[in-house]
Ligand SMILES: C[S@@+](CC[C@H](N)C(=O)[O-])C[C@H]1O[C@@H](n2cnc3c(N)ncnc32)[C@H](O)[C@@H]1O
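Starting off, we have a lone chain in the form predicted on its own, written out as C-alpha coordinates.
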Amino acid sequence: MSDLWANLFRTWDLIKAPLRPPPDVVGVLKRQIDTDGAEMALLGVTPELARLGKSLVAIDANPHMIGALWIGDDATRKAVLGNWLDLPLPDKSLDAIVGDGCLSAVTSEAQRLRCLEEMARVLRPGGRAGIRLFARPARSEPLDAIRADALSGRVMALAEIVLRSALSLPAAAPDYGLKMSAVLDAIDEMFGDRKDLMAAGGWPPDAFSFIELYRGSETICCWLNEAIHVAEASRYFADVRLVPSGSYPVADRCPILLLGSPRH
(Lines give C-alpha, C1' and ligand atoms only; values in the text may rest on other atoms or scores of the structure.)
Protein backbone atom coordinates (compact mmCIF):
# COMPACT_ATOMS: atom_id res chain seq x y z
CA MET A 1 0.00 0.00 0.00
CA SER A 2 1.41 3.39 -0.90
CA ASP A 3 2.16 5.82 1.89
CA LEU A 4 0.02 8.61 0.44
CA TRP A 5 -3.18 6.56 0.10
CA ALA A 6 -2.64 5.11 3.57
CA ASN A 7 -2.78 8.59 5.10
CA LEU A 8 -4.83 10.77 2.74
CA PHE A 9 -8.03 10.23 4.71
CA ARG A 10 -6.50 12.19 7.61
CA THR A 11 -6.67 15.45 5.65
CA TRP A 12 -9.64 14.69 3.37
CA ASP A 13 -11.73 17.64 4.57
CA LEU A 14 -8.97 20.06 3.48
CA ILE A 15 -9.09 18.83 -0.14
CA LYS A 16 -11.41 20.84 -2.39
CA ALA A 17 -12.36 20.95 -6.07
CA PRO A 18 -10.91 20.26 -8.56
CA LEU A 19 -9.29 17.30 -6.74
CA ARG A 20 -12.69 16.42 -5.28
CA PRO A 21 -15.82 16.38 -7.43
CA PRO A 22 -18.20 19.34 -6.99
CA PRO A 23 -21.98 18.95 -7.51
CA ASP A 24 -21.58 19.66 -11.24
CA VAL A 25 -19.85 16.29 -11.66
CA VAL A 26 -22.61 14.36 -9.90
CA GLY A 27 -25.21 16.00 -12.11
CA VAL A 28 -23.34 15.16 -15.31
CA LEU A 29 -22.93 11.53 -14.29
CA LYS A 30 -26.61 11.20 -13.40
CA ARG A 31 -27.68 12.61 -16.76
CA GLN A 32 -25.18 10.79 -18.94
CA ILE A 33 -25.44 7.35 -17.36
CA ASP A 34 -29.06 7.44 -16.14
CA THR A 35 -27.97 6.26 -12.73
CA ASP A 36 -31.33 6.34 -10.92
CA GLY A 37 -32.34 2.78 -11.81
CA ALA A 38 -28.85 1.33 -12.16
CA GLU A 39 -27.04 -1.39 -10.26
CA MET A 40 -23.62 0.23 -9.93
CA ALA A 41 -20.04 0.07 -8.73
CA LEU A 42 -17.92 2.96 -7.49
CA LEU A 43 -14.15 2.72 -7.88
CA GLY A 44 -13.06 4.14 -4.54
CA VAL A 45 -15.23 5.50 -1.75
CA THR A 46 -15.68 9.10 -2.98
CA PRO A 47 -18.52 10.34 -0.73
CA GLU A 48 -19.92 12.67 -3.39
CA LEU A 49 -20.61 9.71 -5.69
CA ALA A 50 -21.63 7.14 -3.10
CA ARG A 51 -25.39 7.77 -3.28
CA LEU A 52 -25.72 7.30 -7.02
CA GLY A 53 -27.72 4.39 -8.39
CA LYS A 54 -30.52 2.11 -7.27
CA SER A 55 -27.80 0.04 -5.62
CA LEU A 56 -24.04 0.52 -5.37
CA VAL A 57 -20.95 -1.35 -4.24
CA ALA A 58 -17.85 0.74 -3.57
CA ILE A 59 -14.47 -0.95 -4.03
CA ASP A 60 -11.28 0.34 -2.42
CA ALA A 61 -7.96 -1.32 -1.60
CA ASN A 62 -7.36 0.85 1.45
CA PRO A 63 -9.21 -0.08 4.65
CA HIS A 64 -8.37 3.31 6.19
CA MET A 65 -10.14 5.15 3.36
CA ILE A 66 -13.19 2.89 3.71
CA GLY A 67 -13.27 3.36 7.46
CA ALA A 68 -12.91 7.12 7.32
CA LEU A 69 -14.84 8.16 4.21
CA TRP A 70 -17.50 5.57 3.46
CA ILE A 71 -21.06 6.83 4.04
CA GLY A 72 -22.08 3.52 5.64
CA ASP A 73 -23.57 0.24 4.45
CA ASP A 74 -27.31 -0.18 4.14
CA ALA A 75 -29.74 -2.37 2.21
CA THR A 76 -28.79 -0.85 -1.16
CA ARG A 77 -25.09 0.03 -0.86
CA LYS A 78 -21.94 -1.32 0.69
CA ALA A 79 -18.17 -0.88 0.58
CA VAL A 80 -15.80 -3.82 0.08
CA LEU A 81 -12.04 -4.19 0.21
CA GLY A 82 -10.85 -4.99 -3.28
CA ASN A 83 -8.50 -4.33 -6.18
CA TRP A 84 -9.61 -2.37 -9.25
CA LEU A 85 -7.36 -4.62 -11.33
CA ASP A 86 -9.27 -7.71 -10.18
CA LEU A 87 -12.76 -6.52 -9.32
CA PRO A 88 -14.57 -8.77 -6.82
CA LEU A 89 -17.65 -8.87 -9.03
CA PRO A 90 -19.14 -11.43 -11.44
CA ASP A 91 -19.00 -11.02 -15.22
CA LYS A 92 -21.77 -8.86 -16.73
CA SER A 93 -23.27 -8.06 -13.33
CA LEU A 94 -23.58 -4.25 -13.39
CA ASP A 95 -25.43 -1.53 -15.27
CA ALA A 96 -22.92 1.23 -14.53
CA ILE A 97 -19.54 2.13 -13.02
CA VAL A 98 -18.36 5.53 -11.82
CA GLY A 99 -15.05 6.81 -10.51
CA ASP A 100 -13.28 10.06 -9.76
CA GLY A 101 -9.67 10.39 -10.89
CA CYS A 102 -9.18 6.66 -10.55
CA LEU A 103 -7.26 6.28 -13.82
CA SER A 104 -4.64 8.70 -12.48
CA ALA A 105 -4.36 6.74 -9.24
CA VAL A 106 -3.09 3.56 -10.93
CA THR A 107 0.64 3.67 -11.57
CA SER A 108 1.28 2.47 -15.11
CA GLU A 109 -0.13 1.97 -18.59
CA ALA A 110 -0.47 -1.76 -17.90
CA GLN A 111 -2.53 -1.05 -14.79
CA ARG A 112 -4.78 1.43 -16.58
CA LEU A 113 -5.47 -1.09 -19.31
CA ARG A 114 -6.17 -3.82 -16.78
CA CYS A 115 -8.56 -1.53 -14.90
CA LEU A 116 -10.43 -0.73 -18.12
CA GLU A 117 -10.55 -4.41 -19.04
CA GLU A 118 -12.05 -5.27 -15.65
CA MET A 119 -14.65 -2.54 -16.02
CA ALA A 120 -15.69 -3.95 -19.38
CA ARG A 121 -15.85 -7.48 -17.93
CA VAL A 122 -18.29 -6.66 -15.13
CA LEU A 123 -20.62 -4.43 -17.17
CA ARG A 124 -23.68 -5.92 -18.81
CA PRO A 125 -24.25 -5.46 -22.54
CA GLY A 126 -25.46 -1.89 -22.80
CA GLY A 127 -23.75 -0.98 -19.53
CA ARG A 128 -21.97 2.35 -19.18
CA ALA A 129 -19.15 3.87 -17.17
CA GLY A 130 -18.29 7.46 -16.32
CA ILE A 131 -14.83 8.29 -15.01
CA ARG A 132 -13.72 11.85 -14.28
CA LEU A 133 -10.22 12.38 -15.63
CA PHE A 134 -7.33 14.60 -14.69
CA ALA A 135 -6.03 15.21 -18.22
CA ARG A 136 -2.83 16.91 -19.31
CA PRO A 137 -3.55 19.89 -21.62
CA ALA A 138 -2.27 19.91 -25.19
CA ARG A 139 0.29 22.55 -24.19
CA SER A 140 1.83 22.39 -20.74
CA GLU A 141 1.12 25.40 -18.59
CA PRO A 142 4.24 27.26 -17.35
CA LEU A 143 4.66 27.04 -13.60
CA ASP A 144 5.20 30.81 -13.62
CA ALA A 145 1.60 31.23 -14.77
CA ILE A 146 0.33 29.15 -11.85
CA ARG A 147 2.44 31.18 -9.44
CA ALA A 148 1.21 34.48 -10.86
CA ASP A 149 -2.45 33.44 -10.60
CA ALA A 150 -2.01 32.25 -7.02
CA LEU A 151 -0.18 35.34 -5.78
CA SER A 152 -2.72 37.63 -7.39
CA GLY A 153 -5.60 35.92 -5.55
CA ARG A 154 -7.08 34.25 -8.64
CA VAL A 155 -6.84 30.73 -7.16
CA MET A 156 -9.66 29.69 -4.83
CA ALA A 157 -8.24 26.40 -3.49
CA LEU A 158 -4.86 24.83 -2.93
CA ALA A 159 -6.16 21.78 -4.78
CA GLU A 160 -6.15 23.87 -7.95
CA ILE A 161 -2.45 24.60 -7.54
CA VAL A 162 -1.75 20.91 -6.97
CA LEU A 163 -3.63 19.76 -10.07
CA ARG A 164 -2.33 22.46 -12.38
CA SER A 165 1.23 21.76 -11.22
CA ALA A 166 0.89 17.99 -11.62
CA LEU A 167 -0.47 18.39 -15.15
CA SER A 168 2.36 20.76 -16.09
CA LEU A 169 5.37 18.76 -14.91
CA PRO A 170 7.05 16.43 -17.44
CA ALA A 171 6.00 12.77 -17.40
CA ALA A 172 7.27 10.15 -19.83
CA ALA A 173 5.33 7.72 -22.03
CA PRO A 174 3.90 5.12 -21.81
CA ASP A 175 3.06 5.40 -18.10
CA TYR A 176 3.08 9.20 -17.69
CA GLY A 177 3.79 8.61 -14.02
CA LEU A 178 5.02 11.24 -11.61
CA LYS A 179 5.89 10.97 -7.94
CA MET A 180 3.65 13.19 -5.88
CA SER A 181 6.74 14.31 -4.00
CA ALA A 182 7.83 16.00 -7.24
CA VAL A 183 4.59 17.99 -7.28
CA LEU A 184 5.29 19.25 -3.77
CA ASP A 185 8.87 20.08 -4.76
CA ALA A 186 7.51 22.24 -7.60
CA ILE A 187 5.08 24.00 -5.25
CA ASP A 188 7.89 24.65 -2.75
CA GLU A 189 10.03 26.10 -5.52
CA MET A 190 7.23 28.39 -6.67
CA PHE A 191 6.24 29.68 -3.24
CA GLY A 192 9.23 29.38 -0.90
CA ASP A 193 8.08 29.85 2.71
CA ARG A 194 4.42 30.20 1.56
CA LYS A 195 3.74 33.43 3.46
CA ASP A 196 2.87 35.36 0.30
CA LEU A 197 0.73 32.48 -0.93
CA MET A 198 -1.15 32.26 2.37
CA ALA A 199 -1.75 36.00 2.34
CA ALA A 200 -3.00 35.99 -1.26
CA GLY A 201 -5.40 33.10 -0.74
CA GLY A 202 -6.37 33.83 2.85
CA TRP A 203 -5.38 30.31 3.85
CA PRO A 204 -4.20 29.33 7.34
CA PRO A 205 -1.05 27.19 7.72
CA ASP A 206 -3.03 24.01 8.41
CA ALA A 207 -4.63 24.27 4.96
CA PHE A 208 -1.35 22.87 3.62
CA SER A 209 -1.56 19.66 5.63
CA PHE A 210 -2.80 17.53 2.75
CA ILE A 211 0.06 18.47 0.44
CA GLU A 212 2.60 17.83 3.19
CA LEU A 213 1.64 14.16 2.84
CA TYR A 214 3.45 14.28 -0.52
CA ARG A 215 6.80 15.13 1.05
CA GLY A 216 9.23 12.27 0.42
CA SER A 217 6.37 10.09 -0.85
CA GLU A 218 7.06 7.33 -3.35
CA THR A 219 3.42 7.39 -4.47
CA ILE A 220 3.06 7.73 -8.24
CA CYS A 221 0.07 9.12 -10.12
CA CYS A 222 -0.34 9.16 -13.90
CA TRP A 223 -1.03 12.36 -15.83
CA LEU A 224 -1.78 11.72 -19.52
CA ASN A 225 -3.73 13.62 -22.13
CA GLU A 226 -7.30 13.09 -23.33
CA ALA A 227 -6.31 11.43 -26.60
CA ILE A 228 -4.35 8.70 -24.84
CA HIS A 229 -7.19 8.06 -22.41
CA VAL A 230 -9.61 7.68 -25.34
CA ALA A 231 -7.24 5.38 -27.25
CA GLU A 232 -6.71 3.13 -24.24
CA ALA A 233 -10.41 2.94 -23.41
CA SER A 234 -11.27 2.13 -27.03
CA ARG A 235 -9.51 -1.22 -26.67
CA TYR A 236 -12.28 -2.37 -24.33
CA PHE A 237 -15.29 -0.22 -25.23
CA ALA A 238 -16.84 0.43 -28.64
CA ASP A 239 -18.42 3.72 -27.54
CA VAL A 240 -15.92 6.18 -26.00
CA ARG A 241 -16.65 9.88 -25.56
CA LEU A 242 -15.51 12.86 -23.50
CA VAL A 243 -18.02 15.29 -21.99
CA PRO A 244 -17.46 18.41 -19.87
CA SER A 245 -17.75 17.86 -16.13
CA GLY A 246 -18.88 21.35 -15.12
CA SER A 247 -17.75 24.96 -14.80
CA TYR A 248 -15.63 24.86 -11.64
CA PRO A 249 -11.94 25.97 -11.73
CA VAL A 250 -9.79 23.77 -14.01
CA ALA A 251 -12.87 21.82 -15.16
CA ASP A 252 -11.50 21.98 -18.70
CA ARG A 253 -8.79 19.52 -17.59
CA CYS A 254 -11.28 17.26 -15.79
CA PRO A 255 -13.57 15.86 -18.51
CA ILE A 256 -15.68 12.80 -17.90
CA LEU A 257 -14.71 9.76 -19.93
CA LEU A 258 -17.96 8.05 -20.95
CA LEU A 259 -17.65 4.38 -21.86
CA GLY A 260 -20.33 2.23 -23.45
CA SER A 261 -20.76 -0.99 -25.43
CA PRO A 262 -18.16 -3.03 -23.50
CA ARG A 263 -16.17 -5.49 -25.62
CA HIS A 264 -16.77 -8.81 -23.86
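Remember, predicted model here, so these are calculated numbers, not experimental data. All residue numbers are counted from 1 along the displayed sequence.
The protein also exists as the form predicted together with this ligand; that form is not presented, and the subsequent description refers to it.
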* Structure fact -> Checked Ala50, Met65, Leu224, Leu213 for heavy atoms within 4.5 Å of this ligand in the model of the complex; positive is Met65
* Quick one: from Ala207, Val230, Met198, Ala61, grab the residue that has a heavy atom within 4.5 Å of this ligand in the model of the complex. => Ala61
* Asked: Do all of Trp12, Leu85 and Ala105 end up near this ligand in the model of the complex, with near meaning a heavy atom within 4.5 Å?
  -> yes
* To do: Please name which of the stretches 182-190, 123-131, 77-85, 146-154 has residues with heavy atoms lying within 4.5 Å of this ligand in the model of the complex.
  => 77-85
* Counting only non-hydrogen atoms and a 4.5 angstroms cut-off, does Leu8 reach this ligand in the model of the complex? -> yes
* Using heavy atoms and a 4.5 Å limit, would one call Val45 a contact residue for this ligand in the model of the complex? -> yes
* Any chance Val250 has a heavy atom within 4.5 Å of this ligand in the model of the complex? -> no
* Does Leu19 reach this ligand in the model of the complex, with heavy atoms at most 4.5 Å apart? -> yes
* **Members of 22-38 lying within 4.5 angstroms of this ligand, judged by heavy atom, in the model of the complex** => none
